[in-house]
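Only one chain is given next, in structure tokens, and it is the form predicted alone.
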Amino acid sequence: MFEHLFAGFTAAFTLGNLAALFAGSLVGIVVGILPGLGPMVGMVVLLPFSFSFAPEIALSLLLGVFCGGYFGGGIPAVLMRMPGVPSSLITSFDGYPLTQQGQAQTALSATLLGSLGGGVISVAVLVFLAPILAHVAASFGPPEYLAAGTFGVVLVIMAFRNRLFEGLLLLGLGFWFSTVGIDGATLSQRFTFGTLVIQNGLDIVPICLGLFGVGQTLLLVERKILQTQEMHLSRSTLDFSKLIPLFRYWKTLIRSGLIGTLIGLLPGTGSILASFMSYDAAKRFSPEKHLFGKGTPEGCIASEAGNNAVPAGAMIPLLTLGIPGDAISAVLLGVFTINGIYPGPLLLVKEPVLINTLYWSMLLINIVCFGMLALWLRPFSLIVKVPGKLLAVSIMAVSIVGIYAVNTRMFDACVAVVMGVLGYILLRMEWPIVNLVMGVVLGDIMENRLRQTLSLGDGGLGILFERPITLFILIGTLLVIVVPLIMDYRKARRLAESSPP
């Protein structure tokens, strides 16, 4: 174990890997600070270019964008009440009031400390928990993977149950997209419409790049990024003297980091829930409850520690089960499979150096992001003044050129454009676009596992109820459906009782 840890440490500190994580972190911070973009856009734009790198360098590049996006999102939320990423909206609840009170440096210090602490805690949990889950997952067969996939699908649906019809429709559309091409089991053509170029299927890369990269930039063309000209920043760097007093909130930091990691581990939940639950828990346990919402560093720490713990948490099901927890993890899954590496319980045995390199890289990424923002706070903050239309056109051009350069296939570029238009429409209507991506990713996994399960069960699914692990997962799936519905019912009943007749 220690030799693999040392080998990973050595690989993480190679010049190529360091350059990749620095570049990824820089891009991540920039797209995180710019409202309307976020880490997903940065990742899908860089994804085509990452295929020419070694796996560990490509993953370090994209993980830098992943983590850096959440680091950057809190800066405009604190300074201008304009969250760079949706989950940083909760950070603005206390960060902006502190800024208005002339304590911008305290708010920024709390935001960056929360981000760093949440990231480091989640990496520690990943290192500890991944081998344990991989050991359990080693006993998984097709029924267990089918049950786990069903659990993920249900979580995605319940996460957007306020738009149930739209979520189910997009999930079904994603399942359909996953069936396009030649069926590997029967070698029959499905939905190819007699076209040779579609026989290879619809790849996840142009789909994600279109939905998020092109779709989001089309939205930027018609919307202004900068909502205010105010910039409450007294100096160009972080005031490190403000950090020391914030360590008295260490319990909140640890609790929020653990909550964010747990939320990241669950498919389809996302960083917004992690940030909100961390903030809510901090408020519940704090002796200064009355300060929440009026300006307290504890609220900034809780929110940012929660959302920045999500990336490492999302890596746990990806590495141990090969099942991505969200759309961003699906992009990382594409990097693995392009390099002939298939995540799952045997990955930690087959690729121990790669896995340990990722551990060290994620730790370094959090430190690098903190250092960049602490030293270049004002230059990064001024990024929000970049004209949105110029930014949108640049991102779109790089996206289309990048996706064409992967396989030099115009078909992939066309898919990206079509998905971009679809993504723009879905974003305008505020439909849960993540359901579509999860449908594409989970559709292929569940179809293959369903076939294998039916073969093992002599054509029936009764085998799912005969195996302890599948039974446990199915019970958990049922609880995921029932518990939120009961909570929603009770909440609606309380509101009805409290409202005047």
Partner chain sequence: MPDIKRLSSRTHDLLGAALGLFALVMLISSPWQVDTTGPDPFYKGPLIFPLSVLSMMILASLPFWRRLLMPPPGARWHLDGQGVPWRTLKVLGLLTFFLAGLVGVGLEIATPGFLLAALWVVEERSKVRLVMIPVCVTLVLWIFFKWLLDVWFPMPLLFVPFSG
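Numbering follows the first chain given and starts at 1. Bear in mind that the values here come from a model prediction, so they are computed numbers and not experimental data.
Although it is not shown, the form predicted together with the partner chain is what the next lines describe.
Heavy atom within 4.5 Å of the partner chain in the model of the complex - residue from K389, K242, R255, R81: It is K389.
The partner chain: the contacting residue among N339, T179, T150, S286 in the model of the complex [heavy atom, 4.5 Å]: For this set of options, the contacting one is T179.
Contact test, all of R163, V221 and A413, partner the partner chain in the model of the complex, heavy atom 4.5 Å: Yes: each residue has a heavy atom within 4.5 Å of the partner.
Interface membership of F191, the partner chain in the model of the complex, 4.5 Å heavy atom rule: Contact check for F191: yes, within 4.5 Å of the partner chain in the model of the complex.
4.5 angstroms heavy atom contact with the partner chain in the model of the complex for Y424: The answer is yes: Y424 has a heavy atom within 4.5 Å of the partner chain.
Partner proximity in the model of the complex: R467 to the partner chain, non-hydrogen atom cutoff 4.5 Å: Because no heavy atom of R467 falls inside 4.5 Å of the partner chain in the model of the complex, the answer is no.
Non-hydrogen atom contact F370 with the partner chain in the model of the complex at 4.5 angstroms: No.
Options 57-65, 468-476, 450-458, 26-34; stretch whose heavy atom lies within 4.5 Å of the partner chain in the model of the complex: Of the stretches listed, the one contacting the partner is 450-458.
In the model of the complex: members of 391-405 within 4.5 Å of the partner chain, any heavy atom: Counting only heavy atoms within 4.5 Å of the partner chain in the model of the complex, the contacting residues of 391-405 are V393, S394, M396, A397, V398, I400, V401, G402, Y404, A405.
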